[in-house]
Each structure stands twice: as structure tokens, then as C-alpha cells.
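Alright, here's a single protein chain in two forms, structure 1 and structure 2, each given by itself as C-alpha cells.
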Structure 1
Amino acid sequence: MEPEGSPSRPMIDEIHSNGGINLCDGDGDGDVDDEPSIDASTTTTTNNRRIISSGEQLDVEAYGGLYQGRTKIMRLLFIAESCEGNPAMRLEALRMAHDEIKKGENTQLYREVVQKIDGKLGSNYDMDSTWCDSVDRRADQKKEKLENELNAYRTNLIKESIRMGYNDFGDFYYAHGALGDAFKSYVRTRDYCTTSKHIIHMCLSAILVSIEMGQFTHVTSYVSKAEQSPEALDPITAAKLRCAAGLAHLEAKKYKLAARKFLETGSELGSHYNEVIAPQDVATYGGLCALASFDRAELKSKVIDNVNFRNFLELVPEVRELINDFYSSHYASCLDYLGNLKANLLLDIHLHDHVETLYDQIRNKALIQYTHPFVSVDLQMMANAFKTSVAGLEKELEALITDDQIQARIDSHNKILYARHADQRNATFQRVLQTGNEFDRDVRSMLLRANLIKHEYNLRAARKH
């Protein structure tokens, strides 16, 4: 029972409090009601820990609570940038980013954030130059210390120490925001790795830095390197690697592969990979990519019947509902959910530039799937099912037909769509005749050209003699 139970609240807002999720569980009860709600106008945002949910604003605090480390800061900054029209949310995001940065040692980011805050949050959030200077000084001292240590180890030629030295350097650079140097340091440990554990550690660090830098080609290569390790990976590491691979594919717009990777992620992931991705993200990315790129059979077997992935989907019940709706052909509600989620998905750092494409693909799939089993479809009814106008629907269908994704013809007078299956026999005859003509034409011109070349050759030979 909700502490603030107002009976009209849609039930989807509750998040199934699975163990291991780094959330403040506000209510404590973990019921999720199955009744889908189309009503998007909901109420309070105060202590409910709904994250990405129907139509409301993103709860920035809860969202930030899902992550840790540098990605938390980057995500909050991205939200601040993207929600220009919503100053309250923007300031909240900047405030949280500021607090998080202060906990770390990255003065560069600190300066940026303070500039963006611009004094709007009160005097606590003004430029604290003393803090900056002290951090920088400490950084220099630490760097010197690390360098000395590393040199000592290098002269001693103790592999393990050298490896640790480089690792420490990598961590140091990462904390201070010098991502390129961090990456180089981590990669340097490769020569000093002795066990497969070391290699995996190096790969994970490299992957982390590459994701932060946005260089996803490195991510793919290091994931495969880690997966090739001779020892069996423990489930959490395996799950982490799958997520990273999925992210890389997502960035490369290979939605099918991304979906597969996300769906294979084990539920042991929990919140262990908070410095990169939250389990809610796994569910959302995986669900949407699967919906956009899988066919029905694959959707059923890999998503709906996937016990493992169900754990993730419980975290974002809306995505689960929308997948189920799509599969059971309730397109209107499915598209509604999608519409509601859109605003918040655009604030997500990895997904924002894929949202449009994915949405278009899902919509097209819905249209195709709707018309597939029928011989004739009344466009008026279809427009109702998709909550659009007949004229708009006609335009969309025309595009799909021209693209050859739907085999049908539109009767524009009566507004009916008729399925049309190509007559194989006629098509074969046409092709045969055409091939015959082409062969005829090509052989004749070949013989002619051969004759000309022979003539030319003879002419040249005659001239030579």
C-alpha cells in the first residue's frame, strides 16, 4: 500500500524492488498491476522512485541515483543541456552534477558546471577556487609520486608492480578527466598482464574509458578480447561485457545485434555496472531495439519468453507492456506508450539520436504486421486502430508499398487496402521473355564487335606486311 495512496494513480509507476538495485525503495511494496494505463496525466513526483515513466518528467534525483562515477556526471550534464525549456529540471540536474563532481577530483568539469550554474543556485554553488587549487596541487603531488613509484618498479622489472603502477596511473588520469591518457595507461598494462584476470581487468578499464570517450570501435575490440579469455568468466563480468557490446552495436546503429546482446545479459548484472549502465537501461534499450528489428518469432522466443530478461523488464513495466501490446496487436496502446516514453528517452545520453529511427521502424513494423493477415483492410478502421487520419495513413501505406514492404494496392475511392500477391506464373513468363531478348541482343552485338575487332586486326596485320 502506498504511503500516499491516491486511488486514481496509475499502477505502473511502482517499480518492482528487486534485490540489488541501487535505489531508495520509497514504498517497499513490490506489486505491479497488469492493467495498462493510457491516462498519461499523473500526479506527484516527490518521493516516488519512478524513473522513466508515463509522460511525466524525469525524476532527476532518482535517475542520478541509478549511476555512479563519471557517467552520472555526464548524464546529468546531458540532461541539463537537453531540457532547455525546463529550467527547474535543468538546475536540479546541474546541482546534482555539481555535488557529484565535488566528491571527485575533476577540476575541469567543476569549472564547466559552475559556469553553467551561473550563480542561480545560491552561494554554495559558486566557484570555489580554493577547492580547485587544492585539488590541483594534490593532483600534481600524486602524479609525481606515482611517476616515481612507476620508475622504481620499472627498474626493478617486477611485472606485477609495473602493472599496478600503470593501473594506478590510469585511475588517476580518469579521475582527473584526462581520458586519452587514461586509456593509454590502461592499454600499457597489457604487456604486464600475467593471468587472465589481469587481462579482463584491463579490458574492462579500457572499455569504461572508451565508452566515456565515445570511441565504440575500441569497445568492440576489447569486449572480444576479454571474451576470448581461456578461463570461464564469472557471470557478472560476462553480463558487463554483453552490455558494453550492446552499447557499441547501438551506437553503430546495428539494432538487431544490439538487441541480441542486451537480451543475453544475465540478470546478475544488477547494479554492478553502474559506472556505465543501469539495468533499466538494459531493459529499455534491449526492448526497443528488439521491437524495431526482430520478427515475430524472434520477438516471442527471445524477449517475451525470455525468463532472464523478464527480470530486467520488471524494472521498466511500460516497456514490458508495450512489447506485449505490440505482440498481441494492440497497436494504439503500444504507440501511446511509445509516445509517452519519448520525451524522457530523448534525455538519455546513448539513445537520444536513435529514438526517431527506432520509433519509425517500430511504427512501420506495426503497420506491416496489421495488414499482413488480411485480404482486404478497411482504411477507416485501420486509421482508428492507429489513431491517425485516413489521409495520413494512406500516405504512410503508399510509402511502404513503394518500398515493397507491403504487397497490396490501395483502392482510394472506397478507402480499402487489397492484398495483392504477384502472379508467379505471369512473372516467370515475363522474365523468361525478357532474358531471351537480352541474350539475343547481347550475343548479336558481341558477334558484331568480334567481327569489327577482327577486321581491325587484319587491317593492322596487312599494314605490317
Structure 2
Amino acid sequence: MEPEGSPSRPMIDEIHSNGGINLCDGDGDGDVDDEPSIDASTTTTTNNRRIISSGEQLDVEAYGGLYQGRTKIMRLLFIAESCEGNPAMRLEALRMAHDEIKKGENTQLYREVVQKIDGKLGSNYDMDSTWCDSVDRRADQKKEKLENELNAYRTNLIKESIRMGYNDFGDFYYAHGALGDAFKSYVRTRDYCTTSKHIIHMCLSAILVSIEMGQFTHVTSYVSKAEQSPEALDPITAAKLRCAAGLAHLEAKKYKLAARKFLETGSELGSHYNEVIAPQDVATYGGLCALASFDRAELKSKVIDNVNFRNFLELVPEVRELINDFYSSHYASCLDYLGNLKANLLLDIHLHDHVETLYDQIRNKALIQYTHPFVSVDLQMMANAFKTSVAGLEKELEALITDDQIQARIDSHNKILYARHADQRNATFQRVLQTGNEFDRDVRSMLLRANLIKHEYNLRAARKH
């Protein structure tokens, strides 16, 4: 008695160890055979399985240390907003955001953070009006200086100096949180770019600000512009562009395209783009998007066997293990890892909106992959493997069957899922007969044409007229 498609024995054992399969109806006649079913209790693989620890609270300090600049501040503030029920984590995130802001010049953001802290961190984190006034005063002086310099450059028509002047204005506005003005200043440098490297620098600056503003259509546009000068792209810059494109596709919920971009990101990236994304994020975003959108063959060739992406996965062992578990059909273990990661993923500024959708797609793929090789499946064992009730599992399977993602029917009384198998023998005969009929028709047509030409039928008809 073999499952449909005769998968390798190890794969069957792996799936079996995660809940067991009832292999019934081996002859495909719709009746349950008298052969004994496989019982999950007869096989124990506990000694070979990893023990998964319970999900741990996010280490805010370690997380913040992965980033720098504005994205570090915004990620910490997002965590603070998302942790209303965890005052300790919220205050830790606000404290780190406060310290990071004070290294810069964004007084408006500083005032907002101090207001959120509301005196709960001691006098060192109260409003520092002296610092704000000093920074604002220096900002006014610097802006006036930049305006004078730029006007002088424009008067003298020095292209490179004008480009640098607009770029300095972009940096100034970005540092003070005026993202719209920063974007306009960076884009204005385009008319004064004289080399491919200048164009790429402009694109990277525009991409950085666009990501902070959440304008991902601009991100896609400027990634495309930068990639039009491949001769000027070094490996680190190419990796940055792929990350930016991946974020844009993720935001647009194009998970397969996002996965491809993250998987193509070179390991040269390292921490060179931590003003936008950390290498750990590349592993997490790419891994989850791949699980949700790739088929089994793609998962093997483009993720598991991808030596380059493996360097990223080593930084996040949980994601590496859940991908391997999914491919190896260790669904219980895979779902445990996903469950443990979920709370922290919901604190990610880019991923939080997509967690539920990605998790649903991954779970649906696991259900489909679990049932695919078999003639019949015991729903009780399958429910145990997916840590759900039989009733809940039935509803999930009904939705997939209705959506034509699983070709099967459910025996609700006996709690068994039966695969709907086409009669391969009959289908083969039908194809042979159809091919024979088509061949017969084509031969008759050729003979008719040959006879018409032989007897010059068309020529005689023309003469009569």
C-alpha cells in the first residue's frame, strides 16, 4: 500500500512523526481497505527532534543596536506604540529613542518623545529646552549659510557645486525631520549629475527618504533608475538596491517578488545598510515571503540550497530551522517556531501588517503539502499535527477544497479526508482516442487536398467561369 505519487519513505516517516497519516483505500475504489492503518503512537522520534523553547520577549537594546540613524528611532518608537500593555518594554524603547535623537538635530521628534516619556524615566529625560533652543539656533544659521552658498554656485553655474549644494540641503532637511523637503532637494541634484555614480548616489538618497516617508512607489522608481547604470554598481550598492526593492514589493504584498529580491541580496551587505535594514531582516523577510509563495521545488533550489542566503539565515537560526522543518514536513515543529516568532514580528515596522497574511498562506501551504501525497488522511491525526481541533481543521480544509487548492472530499462521519483521483487509465484511453481521431481527420484532409490538386479541380472551375 503506497501513497499516491510514491514519495520517498523518509518523507512519509517525517510527516507521520508529526501527527501520523492513515493510509487507507490504497486501491482507489473509495472503500476503506482492511489493511491496518499507521498509528502515530507506534513511532517515536522525540529523541531526534529539537526542543523548542518558549518565545522570549524582544531584547530592545540588542534589537536597537542593529540599526542607526532615523530608522533606529522610528523602529523604537513603533515598538513603544505597540507595547502599551508592557510598560517596561515601552519605556526601554522610549529611553533608547530619546538617547538616539539627542545625538542628532531633530528637535520636533525630541519634543514628541519627551512628551511620551512623561517624566517616567527621571529628570535626565525631562524636556531640555536649552538643548532644543541651541540646536534650532544652529539650524537657522546653517540653513542661511547653505542658501548663500547655493545661490553663489547657481550664479557661477558650477554644476558640481550646485549638485553638492542641493545634496547638502537634502542632508540638512533629513537631519531635522523635514522629509518632504529633503526628498525634493535630493531629486533636484539629478539635473546636475555628470557621472553614473552621481546618479546612483541621488537614487540611494531618494530611496532612503522615500522608505522613511512610506512612499514605496518612489522606491521602486529610483531603484529602477539606479539599476540602469550597472557598470557603476559595486556589490554593496547592488545589495542595497535589492533590499530596497524587496521592501517595496513587501509593502505592495507581492510576496514572491519580495522573496526573490531578498534572496538575491549579496552577503556583502553586512551592516552597510543599517540605516534602512539589518541583515537579520533580510533573512526573516526573505524566508517568510519564500515560505508563503514558493512551491516545494523553488524552496529547495532558491532558499535551502542558496549558499549566499544561507549566510543571512545563520543570523536567525529560528527562521532557518522553520524553513528546514517546513521542507522536511515537520509541521508541528515549524508551527511552533512560527508561533514563538509571531509576537516579535508584530513589533517590526515593515513586517507587522503582513504577519497574519503570511502566516495564513504558510499554514495553507503546509495543509496542502501534508495531504498531497496520500490517498486518505485521518483528520484526528492531522489535527494533532497542526495543533488544532478536528472541527477547526475541517473548516480550513473546506475552504481550501472550495478554492480548488486541495482536490479531495471529507468524510465528516468517519473524520477522513479522501483525495479525489482522476481515473488515469480512462484518461489515457481518452487521450489516445482523441489523438487518433485528430490524426484520421488530418490524413483525410491531406488526401482530399492531394486529389483536388491531382485532378486540377480548381483550375477547371475557373475555366468554366
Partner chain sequence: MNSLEGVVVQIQGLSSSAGDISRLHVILKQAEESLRSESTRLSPILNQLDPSNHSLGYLYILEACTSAPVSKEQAATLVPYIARFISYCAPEQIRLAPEKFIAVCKRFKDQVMLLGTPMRGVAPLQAAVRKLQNSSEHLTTLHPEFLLLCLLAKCYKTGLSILEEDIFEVDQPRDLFLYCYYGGMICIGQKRFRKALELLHNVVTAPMSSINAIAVEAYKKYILVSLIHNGQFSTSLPKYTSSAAQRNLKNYCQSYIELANSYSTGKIAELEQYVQTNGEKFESDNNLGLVKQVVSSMYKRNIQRLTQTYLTLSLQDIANTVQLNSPKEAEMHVLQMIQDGEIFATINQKDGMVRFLEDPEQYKSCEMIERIDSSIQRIMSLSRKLTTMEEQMSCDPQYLAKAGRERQRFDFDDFDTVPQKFNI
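Numbers follow structure 1, counted from its first residue as 1. If you're wondering where the values come from, they're calculated on a predicted model, not measured in any experiment. Here the rigid core means the biggest group of C-alpha atoms that line up within 1.5 Å when the two forms are laid on top of each other.
Exercise for the section: Please let me know, 1 or 2, which structure is the form predicted together with the partner chain? Expected result: Structure 1, not 2.
Practice task
Please check if R431 moves between structure 1 and structure 2, taking a CA shift of 2 Å or more relative to the superposed core as movement.
Solution key: Yes, the C-alpha moves 2 Å or more.
Handout entry: Cα displacement of E398 between structure 1 and structure 2 reaching 2 Å, rigid core superposed
Key = No, shifts by less than 2 Å.
Exercise for the section: Would you tell me if D440 moves between structure 1 and structure 2 by 2 Å or more at its C-alpha, with the rigid core held superposed? Expected result: The answer is yes; the displacement is at least 2 Å.
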